[in-house]
Structures are given as structure tokens and as C-alpha cells.
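First, one chain by itself: the form predicted alone, in C-alpha cells.
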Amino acid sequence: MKKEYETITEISGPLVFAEVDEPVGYDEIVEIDTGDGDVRRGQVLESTSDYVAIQVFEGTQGIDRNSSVRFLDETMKMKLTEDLLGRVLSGSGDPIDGGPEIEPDERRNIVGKAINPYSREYPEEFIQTGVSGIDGMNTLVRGQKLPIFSASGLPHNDLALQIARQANVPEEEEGEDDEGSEFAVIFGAMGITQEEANEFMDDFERTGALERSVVFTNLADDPAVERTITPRLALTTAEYLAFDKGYHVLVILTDMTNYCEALREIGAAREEVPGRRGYPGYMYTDLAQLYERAGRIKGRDGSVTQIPILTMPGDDDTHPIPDLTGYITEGQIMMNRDLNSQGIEPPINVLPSLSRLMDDGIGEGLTRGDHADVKDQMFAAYAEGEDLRDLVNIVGREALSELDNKYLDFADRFESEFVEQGYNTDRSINETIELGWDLLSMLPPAELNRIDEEFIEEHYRGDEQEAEVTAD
């Protein structure tokens, strides 16, 4: 039975406190009637036998102590149907695209839970994003959670849209269990401006990517509390499409920094003892509850892959948000301000980037047999070129050997030809690896010590008869 009270005692930021005469369930949905026809939705954040703390999704402005509080005896649920594909929803899951109301096949609790480790299937199937800096050097695999670490002013939104447009499972990568599986994108935007929202929607509609996507949009002027449910709505939708309907689902969440700021705001309103830099001490657990919903389940065709995007405050990768995210996820893609200032698009710095599951997602029968060798050799050559750049600043290029100068040229071309591709170029994995061979052929064969000899004989484009240049 629904319980209703007129016992509001305090309003603090996004929270409403009300006295109760019996315990109320945690996460229970609440309706607050202001008395003038305005009914707000909220969720129980804290519950005791004497009072409850309610986080109000639509904001607390207009609510006073005369407002009534009605407990609905149910948790927040997402309306789920395959017809959600192609729809644009608010951060609370309501349609905002002018289309019809959602007619759900079922309603599911948005809190969800991590996949049971016993039921998990190890991620090892390649996802092609069409971005060489990711596919070639830090490969994404189905069921992985691979965040993008960006910073204020960097074009992470452009990269997010490019991945949303281009990401797919190449036909040759599909196994017997994947026959008939389709690819879908869940795009959850949190705390973005109206201008950014318009850009997102224009791009989705112009490229046709919206047809296979579900878009959740929480704007900067929407209540911060709504940001805490947007990713949960997105992930609940992803799980339904993946594990009930057999889709391979890529979930892109931007910006997780705005999500964490909402957690800090709510924590301050509750007068909690803050943790590092004012963020709640439970932020690690909260983020893990989101990130660990990615994966594959044994016996199910679909998969949920996550690309959370966050902007590092002050470009600081030791800040609590990237720091905790790095502990939970399986690597990171790092965007770089210096590369961006040089006009490199996308400005991905491959050296500090990492995909911990990459080695299981590439190689014979997965991408191409020489992929792992080419990746290792390019990492080594680019790192050598980067080290030599520091030396050039001291002694100049004239003081370096011919081989050193080749490494310097390799580093320049790696950035300008391999990493640089623009936001509208979609490269297949074979095109990416072939481009890698073009660059590696700048070096003498003797320097390609991380590549199997048979691959060198097959793919090397330089003059193998020329005198080998050594560091001596």
C-alpha cells in the first residue's frame, strides 16, 4: 500500500528530509506533490525508522514543508523494448525526440549488479572502431571496459561520436555463436551543454548512426541528481539488448567527471565526511557498480562493452576520478594536449595508453597474424623516437647517427600518418596494419627485432639489400 506523509523537515540542495513512522525501503521511488499540480519524482537515498533522505530528480525548487511525500513501494525501473533503438531519451529515461511513448515489453530495476565471475566469459573478440590509434595499438575487445582519459578543451566528444558511428564487429571475426548477432550503441551523455547535445544529435542523424543507437541526454542545467541515474538507465538498456536480444552493445558514457561531481554534491548535502578532494569515500564502489556491468555471459550471444569518457581536472591523471577508474577498468586511452595543439586528430597518445585485454583480441584468426608483432615494434620504435626528441633539444639532430635520425622520422610520421586520420576516416584493421608496415619499412630490417622473420619477408617494403645501419 502506498504511504503518504506531510512531514518534510528539511530541504538541502537536491535532498528532501521527511519524518516517517515506519522504515521505508532503500532506493524506493517517491512522488512529491507541491500542492500546485507539480509532482516531482525522487528516490530514497537513506532510510531509518524515524526519517528518510530523498534525492529529487527534477530539483527541489518549489518544494516546501507543506508538500506531501508519497512512497510508491517500488524501485526505479527502465521501460525496455527492442523498439528503443533509434530513440532519444532524457537523463531520466523519458522520450524527448517527439516520438511515441515507450510501450515496454518489460520493466527492469536500473540498479543492476555485476556479472557473476563464474558466469563470465573471457573477453577475446575484436571490436573494430575504425580508429588506428585504438585498433592498431590498444585494441578494444567485446566485453571490455576501456575508458578514454581526456581533459578540458580536448575533442573527446568528436572521438566519442567517431567511435559510435564506426564501431562494428567485422564479419570475419564472428564465430558460430555470433551468427545473427547485431551491433548496437548506447550513448549516455551526462552534464553536457545544449550546444553539445545539438552537435551529438546532428551527427547521429546525419550519419544514420541513430538507427542502431539509444541516446540518453542529461544536460548541464538538468538536476545533478539525474546524472546519478542516467548511466544506470543506459546500462540496464544495454544488458537487455545484449543478454535478452543477443546484440553486441557498445556503451559510451560521457562525461564520468560530471557524474562524480554529482556524487560529491549529494555527499555534501548529506553532510558526509568527505574522502580525497571532497569526493565521497564510497566513490570507488559506486564506479565499480557501473563499470563491472560490462562483460559477456556464458551461453548468451550478446555482450556489453563500455567506453567511459572522463575529463581529468587539471590534466592530472592522479586525480581520484581517473585514478579509481584506472583501478577498475582494463586499461585506458589517453588523449594528449600537445598532439591536439599540433592538429593531430584524434590526439591519442599511444605510449601511456593501454588495453590489458588486447593480446587476447588480436592475432591469428582474430585480426591478422602479424598484428601483435607490428604493434610491439611500433611501440618500441615510437618510444625510441620520443626519447631521441629530448636528446635533440640538447645536442641537435646533426649530432645523431643516421639510425637515430630514422627513428626521429619514424616518430614524426607515426603521429602525422598513423595516429592522425581525422574524425571522418574509417580504417579497417587491415588498412591500419598495412599503414604500420609502411612506417616500419623506414627502418632497416635488422631493427625489426620484435617481428617474426616470415612476416618481415612477406610485408617489408624497404630495400633489404641495402647495407644495414647499426647504432654503432
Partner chain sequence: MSQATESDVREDGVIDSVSGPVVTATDLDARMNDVVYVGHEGLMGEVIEIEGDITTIQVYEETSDVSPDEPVEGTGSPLSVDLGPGMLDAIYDGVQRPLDVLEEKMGSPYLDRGVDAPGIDLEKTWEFTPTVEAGDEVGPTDIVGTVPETPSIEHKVMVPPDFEGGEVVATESGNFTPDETVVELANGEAITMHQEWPVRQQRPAEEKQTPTTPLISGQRVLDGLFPIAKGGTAAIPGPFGSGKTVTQHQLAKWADADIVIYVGCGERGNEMTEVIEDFPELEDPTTGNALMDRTCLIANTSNMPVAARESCVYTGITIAEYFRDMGYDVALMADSTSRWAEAMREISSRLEEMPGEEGYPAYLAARLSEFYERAGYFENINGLHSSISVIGAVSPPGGDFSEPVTQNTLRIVKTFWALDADLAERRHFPSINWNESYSLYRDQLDPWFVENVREDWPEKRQWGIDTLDEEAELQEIVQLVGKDALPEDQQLTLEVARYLREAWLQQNAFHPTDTYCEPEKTYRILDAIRTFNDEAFDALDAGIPVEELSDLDAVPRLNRIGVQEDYNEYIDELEADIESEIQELY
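Residue numbers count along the first chain shown, from 1. Only the largest set of C-alpha atoms that superpose within 1.5 Å between the two forms is called the rigid core. None of these values were measured; they are calculated from a predicted model.
Another form, the form predicted together with its partner chain, is not on view; read the next lines as being about it.
**Q** Test of understanding: in the model of the complex, would Ser119 fall inside 4.5 Å of its partner chain by heavy atoms?
**A** So Ser119 counts as contacting its partner chain.
**Q** Is the gap between Leu45 and its partner chain in the model of the complex 4.5 Å or less for some heavy atom pair?
**A** Result yes; Leu45 sits at the interface with its partner chain in the model of the complex.
**Q** Does its partner chain come within 4.5 Å of any heavy atom of Tyr259 in the model of the complex?
**A** Taking the distances in the model of the complex, the answer for Tyr259 is no, it never comes within 4.5 Å of its partner chain.
**Q** Tell me, yes or no, whether Asn66 is in contact with its partner chain in the model of the complex, where a contact means a heavy atom of each within 4.5 Å.
**A** No - in the model of the complex, heavy atoms of Asn66 and its partner chain never come within 4.5 Å of each other.
**Q** Is every one of Gly86, Gly188 and His371 within 4.5 Å of its partner chain in the model of the complex, counting heavy atoms?
**A** Per the other structure, none of Gly86, Gly188 and His371 touch its partner chain.
**Q** Have a look at Arg270, Arg264, Lys245, Arg337 for me and say which one sits with a heavy atom within 4.5 Å of its partner chain in the model of the complex.
**A** Exactly one listed residue reaches within 4.5 Å, namely Arg270.
**Q** Only one of Gln332, Thr217, Thr367, Ser213 has a non-hydrogen atom within 4.5 angstroms of its partner chain in the model of the complex; which is it?
**A** After the contact test, the surviving option is Gln332.
**Q** Only one of these stretches, 282 to 290, 198 to 206, 224 to 232, 126 to 134, has heavy atoms within 4.5 Å of its partner chain in the model of the complex; which one is it?
**A** Selected stretch: 282 to 290.
**Q** Along 420 to 456, which positions have a non-hydrogen atom within 4.5 Å of its partner chain in the model of the complex?
**A** Those in contact are Ala446, Glu447, Leu448, Asn449, Arg450, Ile451, Asp452, Glu453, Ile456.
**Q** Aligning on the rigid core, do we see the C-alpha of Ala383 shift 2 angstroms or more between the shown form and the other one?
**A** It does, since the Ala383 C-alpha is displaced 2 Å or more between the shown form and the other one after the core fit.
**Q** Taking the rigid core as the frame, does Ala399 move its C-alpha by 2 Å or more between the shown form and the other one?
**A** Yes; Ala399 is a residue whose C-alpha shifts (by 2 Å or more) between the shown form and the other one when the cores are overlaid.
**Q** 2 Å or more on the CA of Ile456 between the shown form and the other one, with the rigid core superposed, yes or no?
**A** Yes, the C-alpha moves 2 Å or more.
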